[in-house]
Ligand code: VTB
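A single chain, nothing else alongside it, follows as structure tokens in the form predicted on its own.
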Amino acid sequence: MTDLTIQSGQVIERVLSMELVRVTERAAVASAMLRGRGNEKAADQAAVDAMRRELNKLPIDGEIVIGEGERDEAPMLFIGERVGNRKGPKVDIAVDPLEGTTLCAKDMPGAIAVMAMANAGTLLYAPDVYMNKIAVGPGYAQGVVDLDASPEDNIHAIARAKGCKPHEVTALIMDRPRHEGLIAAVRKTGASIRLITDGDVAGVIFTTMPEKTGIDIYLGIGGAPEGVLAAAALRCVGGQMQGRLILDTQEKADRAFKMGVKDPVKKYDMSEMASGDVIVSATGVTDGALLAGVRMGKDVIETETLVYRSITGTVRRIHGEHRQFEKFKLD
């Protein structure tokens, strides 16, 4: 890494790390106001509005490279949108203002507000499509698993690397009909599976702390935006991840090509999805294994946020108590 890259990263860290916390806190609180009300779109829109408002206060010249969709599909935080006051460093931004809209609407565990920021040109610029993914946490030899290997081979590889039997391995997979074959293949090895309904950014992060979460490997197809955000988080704490965009129609392939994706079947590794100095902030909306959700007290709003930074490998868990209750909701 060059001195220039390090210097630029230090500028981002010094000025903006805590500001990113403010961004995800506001998005989390805005969506938490609508927990359990059954309206996914309203909760997501509230998070988008709050995140966009806070991003535009920051001293950055930012571009959304992973967002709520492309320009014609999303009114705010679309891919290619410029944010910030244009008076600071040029940065790439990936956002998921409310990961787990259904979880929030039903007040189920695991909804979060999450974003990543990195030096300009270092986050994967890709359309809002699906991505096939595989991820493991730190401590394994490089290449221990591979996206192109069979699920059985990957489970056996993790078992060998851990020094255990396959039945002692736990895989996390999203509970979707498209994963029926994958689930059957993993269960054939004797490994256990934890199924999740939503939240695959947090799902990938779970692999970094198997002693707490019990998750050894993430497998399956989810959103490409979530894939880039997850890769950014893994860059900060260690681990391995591979992903491949699913461009199964000409329209998707054309959109990807316009964004600079020259090889439609390219297998991206973690550093190709998120390179340079990366900062990730995630705030809990509903209670989950990763983060506590927003607490609405009489006079205080409480939040819990994780902040990751790749250049230092630091993870900070921040408990926020916000006493200007009405101002916090409306600013």
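Residue numbers here begin at 1 and follow the sequence given. The shown structure was predicted, so the numbers you read here are calculated from the model rather than taken from an experiment.
Quick note: we don't show the form predicted in complex with the ligand, though the next part is all about it.
Heavy atoms within 4.5 Å of the ligand in the predicted bound form are found in one stretch of 184 to 192, 93 to 101, 113 to 121, 76 to 84, which is 93 to 101. Proximity of R178 to the ligand in the predicted bound form: non-hydrogen atoms within 4.5 Å are present. Under a 4.5 angstroms non-hydrogen atom cutoff, the ligand in the predicted bound form lacks G243 among its neighbouring residues. Under a 4.5 angstroms non-hydrogen atom cutoff, the ligand in the predicted bound form has G223 among its neighbouring residues. Although the partner is absent here, M174 sits close enough that one of its heavy atoms falls within 4.5 Å of the ligand in the predicted bound form.
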